[in-house]
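The chain below stands alone and is given as C-alpha cells, in the form predicted on its own.
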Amino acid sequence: MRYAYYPGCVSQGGTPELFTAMKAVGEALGFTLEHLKEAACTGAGVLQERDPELGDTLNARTFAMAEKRGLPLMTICSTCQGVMGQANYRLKADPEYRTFINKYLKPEGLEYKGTTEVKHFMWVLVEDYGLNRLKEHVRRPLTGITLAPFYGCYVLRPSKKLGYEEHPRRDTYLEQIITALGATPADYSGKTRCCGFPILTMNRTNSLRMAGDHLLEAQETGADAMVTPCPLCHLNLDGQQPEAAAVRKVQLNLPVIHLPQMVGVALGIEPKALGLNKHIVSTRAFAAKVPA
C-alpha cells in the first residue's frame, strides 16, 4: 500500500501525537507513505472564503506532486480531506479552469492533469486495505469498550463533492472500523455534527457549548472514549474540554482519541508510542480497559 502522504498542518503542530501514531500504525500495517513535505496548507476552508482561486492553486500543486509520483493522495485530517476533495472536484469537472490554474504551477515545473485521488485514512482502511485484512492484524481486540464516533463536518459534507454517490456508506466507516477492532460504537445524534471549532475565535462561548453538548451526549451513552478522524475536532473536544464543561456547567471527563491511536492500540502498539499520554483529558482509564 503506497501513498503520497499529506498529514496536514495540525497533525504536525497542534496534535503531534496524531502524526506519531500514524507513523507507527502505517508501519504495522505495511503502508509506504511518501510524505509530501514541500506541500502547502490546504487553506482549511478559511482561505477559500477570501480567495478561492488561490486555495485551488495551492491544492492543485499538491495534487500535481502526487500525480507526478503516480500515487493516490492520503491524508489523516478530515478538514484537509474536505477542502482538497472540493478543490479536486472543481479541477476535474472543468478542464478549462484546470488549465487556468496550471499556469501558476508552471514555474515549478508542475502540471495537474486531473488524475489524483484524495482519500482520508479512514476511507483507505475500509475501501483499499479492507476490514477483514485489518482484523488479521488485531492483537488486542477492544472487547468490552464503547467508543463514540465523531466524524467532523468536512469529511461528510458536501457529500456530492466527497464521493458519496460512489461510496454512499462513507458516513458509517468510523463505526465499521470501531466494530472491526472489537469495540462497540456508541450511537448519539452529535456524531455527524460540527464540533464548534470553526467559530472558536468568532464566538468562543457558542463553540465551547457545541463541543460540550457533543461530549456530554457521548458521555451519557456510557462511552469510554470518543474517537475522531479530524485533528481540528480533537483540538476543540479534547483541548477545550475543561472550558466546555465550565460553559455547560457539567462534569466532563471523556478521553478523545485519534483514529490511528484507536487502530494502534488494537494492533498491540504501546499507548505511549501512540502519544496517548499527550492529551488534555487523560486516556489512562481507556488504555487500562484494553484487554491484555
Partner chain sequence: MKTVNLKVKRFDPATRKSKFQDYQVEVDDSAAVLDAIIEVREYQDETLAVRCSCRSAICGSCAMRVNGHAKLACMTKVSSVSPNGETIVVEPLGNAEPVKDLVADMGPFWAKVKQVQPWLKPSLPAPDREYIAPQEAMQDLVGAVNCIMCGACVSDCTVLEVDKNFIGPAALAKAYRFVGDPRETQTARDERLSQLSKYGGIWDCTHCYECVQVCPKDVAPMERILDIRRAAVAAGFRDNNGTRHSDSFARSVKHTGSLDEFRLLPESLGLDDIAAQLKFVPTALRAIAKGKVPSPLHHKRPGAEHVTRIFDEMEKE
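Positions refer to the first chain, counted from 1. Since this is a predicted model, take the numbers as computed values, not measurements.
Although not depicted, the form predicted together with the partner chain is the subject of the following passage.
Under a 4.5 angstroms non-hydrogen atom cutoff, the partner chain in the predicted complex has Gly239 among its neighbouring residues. When contacts are judged by a 4.5 Å heavy atom cut-off, Gly222 does not count as touching the partner chain in the predicted complex. Among residues of the shown chain, Gly268 is not one whose heavy atoms approach the partner chain to within 4.5 Å in the predicted complex. Among heavy atoms of Glu243, some come within 4.5 Å of the partner chain in the predicted complex. When you look in the predicted complex, the only residue of Leu29, Ala39, Ala64, Leu33 with a non-hydrogen atom within 4.5 Å of the partner chain is Ala39.
Looking at the partner chain in the predicted complex, residues Leu58, Arg157 and Asn277 each place a heavy atom within 4.5 Å of it.
Stretch-level contact analysis of 199 to 207, 137 to 145, 69 to 77, 180 to 188 against the partner chain in the predicted complex, using heavy atoms and a 4.5 Å limit, identifies 199 to 207. Residue Arg248 is the only one in 248 to 274 with at least one heavy atom within 4.5 Å of the partner chain in the predicted complex.
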